[in-house]
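Presented as structure tokens, the chain that follows is alone, the form predicted on its own.
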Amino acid sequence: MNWQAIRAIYVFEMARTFRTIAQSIVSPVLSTVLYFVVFGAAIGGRIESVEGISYGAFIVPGLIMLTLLQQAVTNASFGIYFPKFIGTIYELLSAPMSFVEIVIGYVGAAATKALMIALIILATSTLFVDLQILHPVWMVTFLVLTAVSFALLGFIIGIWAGNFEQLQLIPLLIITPLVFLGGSFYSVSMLPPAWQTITHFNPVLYLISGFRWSFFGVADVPVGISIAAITVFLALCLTVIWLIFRTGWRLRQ
């Protein structure tokens, strides 16, 4: 394993984040705080509690997961797309490093950035509501697995995208709606039976449900299914990336 090559990619990507700290970190945190103020204050004033949890606290895991998914996908997709855009991808592919080292460098940096923002939001939320974390180890586990999985998805999107419009297509039109419809701001049990059945086909539901369980001990789906869902998604993304590098799809064109 060429750890020096991995470190070079990782440090370069992290340095880009700190050069644009207002856009990379401050902006998503402020956006999430705005969500929290609007939903927590406006709607929370009408809904006292959900499943015995104050509404302001109930939406915290959903808000963290919303930002985590968006940032993991966006950072990873842009990180690998930009070398394609300026043509330096060929230097990367011809360097004495394997595709595993390339993926670890880019995905590791994207996941790290997303986790940093998620933890900042978690700390900020304690200024607004009283939070309890019943299962801190599982909370960290869900955070890391989700960050890595969606950073891998973002890496795939970055390779697939042919322009900057396509780079934003899946995060804006698919991932964000799935998060909103996956129980971020409500419990699935509050929906009519037909909509509950439909919601269970939303893969993001299992991430949010498991993550919320780590805070409050309540979940819309069994925790074991949530863990299995994120593990299967992680394996699927790894398989797709392996096929991409094996065939050279979208890399050698």
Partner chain sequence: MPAIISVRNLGKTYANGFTALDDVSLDIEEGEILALLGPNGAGKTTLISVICGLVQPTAGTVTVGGHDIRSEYRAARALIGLVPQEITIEPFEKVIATTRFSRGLFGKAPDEAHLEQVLRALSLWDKKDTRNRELSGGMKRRVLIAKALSHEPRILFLDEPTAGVDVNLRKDMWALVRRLRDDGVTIILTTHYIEEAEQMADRIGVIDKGRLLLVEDKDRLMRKLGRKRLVIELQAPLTSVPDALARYNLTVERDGHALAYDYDTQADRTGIAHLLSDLAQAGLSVRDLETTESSLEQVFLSLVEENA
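Numbering follows the first chain given and starts at 1. All figures in this text were calculated on a predicted structure; none of them were measured in a lab.
What follows is about the form predicted in complex with the partner chain, which we do not show.
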Here the chain is shown alone; which of N163, S94, T126, Q132 has a heavy atom within 4.5 Å of the partner chain in the predicted complex?
S94
Heavy atom within 4.5 Å of the partner chain in the predicted complex, from candidates V137, I174, I86, V144, belongs to I86
Heavy atom of F82 within 4.5 Å of the partner chain in the predicted complex:
yes
Would Q168 count as a contact of the partner chain in the predicted complex, using a 4.5 angstroms cut-off between non-hydrogen atoms?
no
Is F12 close enough to touch the partner chain in the predicted complex, meaning at least one heavy atom pair within 4.5 Å?
yes
Against the partner chain in the predicted complex, would R7 count as a contact residue? Criterion: heavy atoms within 4.5 Å.
yes
So which stretch, 114 to 122, 86 to 94, 153 to 161, 177 to 185, is the one near the partner chain in the predicted complex (non-hydrogen atoms, 4.5 Å)?
86 to 94
